[in-house]
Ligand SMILES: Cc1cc2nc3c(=O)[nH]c(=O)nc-3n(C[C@H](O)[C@H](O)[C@H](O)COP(=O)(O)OP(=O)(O)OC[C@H]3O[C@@H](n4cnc5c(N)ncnc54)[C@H](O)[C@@H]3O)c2cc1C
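Taking the form predicted on its own, here's one chain by itself in structure tokens.
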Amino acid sequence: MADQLNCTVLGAGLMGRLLAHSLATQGHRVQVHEASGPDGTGAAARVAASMLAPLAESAITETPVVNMGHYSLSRWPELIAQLPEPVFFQQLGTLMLWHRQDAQQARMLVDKLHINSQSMPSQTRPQTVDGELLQTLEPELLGKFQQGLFLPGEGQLDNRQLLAGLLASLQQQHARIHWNSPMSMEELTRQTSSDTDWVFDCRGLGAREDWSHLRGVRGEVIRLHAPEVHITRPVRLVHPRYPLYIAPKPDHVYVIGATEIESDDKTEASVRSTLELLSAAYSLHSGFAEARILEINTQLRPTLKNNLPGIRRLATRCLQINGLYRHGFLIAPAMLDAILGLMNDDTSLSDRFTLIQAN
């Protein structure tokens, strides 16, 4: 790679900020075009739970995503350490619980996770949770649950702190950021000067005109402030329609979600989803009854037809990165390192994770 390159990044969501930060840290000149403002309101990453749970996700996704998630778990602390602002990160594992009426569905899920962990030697082995272990892990949940499954080593981070930290890094390194500046590939081609070395399209759903296979998958997420609740790690609650998650953030903030609807509708959350998410929280811990609703958000996750992430090479030094779906924080470092490898003609990671897609 040349000593210093001129790089243009389209999109300042999770992937765009992470890539721009890494390029600037390597000493390259970076400019970013983002359709929204610096607070990230246009990005799905702003309202995500940001759980880093490859084995838990293996129940509903493909092996390449699980492998990327495992790879990324060790990379996140390294990336966070580069940032000028603190970012909450922990690896206390994931706790899976279920009510008595959902025991049959839970048994099938537990069997699948045990099989998956055995077929993937890099994954930690799940542990059966009894009353004694639950008392150690999450004592406030002991009253309603006596059995569960614990997935050691899985983690989480604070998505908004991370987005802010990446932005602070870009500002500190004097990257040129153009807010409220939507840019298509066609417009960029017209405006790009001859000294531009690399172009990276990280616009998510903003790239639909240039990548026809993209679609939005709607999700609904609630953020609560619950001072009476002291849950320290993400909890996944087995549910008849979909696995619900409750992810703790700093200062007694909890993110509740998991709805997935094949729709490009980004209007307000439905009554049904809101009731289900709040009821699930209350069924987990009665302290959520006195919680305060901070936000009820909807988001559209950028998704490709196979629900897997992809990289396309539009020209020798022009890459499109998209389709992170519901796994953005889980896989972003693996995506990042694959992209940086491609800049050096190293396809080992992109091949390993099956990322390259045909034009």
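Just so we're clear, the structure is a prediction, and the values are computed from it rather than from any experiment. All residue numbers are counted from 1 along the displayed sequence.
Keep in mind the form predicted together with the ligand is missing from the figure; the text below concerns it.
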task: May I ask you to state whether Ser181 is within 4.5 Å of the ligand in the predicted bound form, using heavy atom distances?
output: yes
query: Going by a heavy atom distance of 4.5 Å, is Leu162 a contact of the ligand in the predicted bound form?
result: no
message: Taking the ligand as it sits in the predicted bound form, is Pro309 in contact with it (heavy atom to heavy atom, 4.5 Å or less)?
response: no
field: Contact label in the predicted bound form: Met15 to the ligand, heavy atom within 4.5 Å
entry: yes
Candidate stretches 22-30, 288-296, 41-49, 311-319 - the one whose heavy atoms come within 4.5 Å of the ligand in the predicted bound form: 41-49
task: Assess the spot marked by Gly11, Gly219 and Phe329: is the ligand within 4.5 Å of a heavy atom from every one of these residues in the predicted bound form?
output: yes
- prompt: in the predicted bound form, which of the listed residues (Pro248, Gly206, Gly93, Pro126) lies with a heavy atom within 4.5 Å of the ligand?
  reply: Gly206
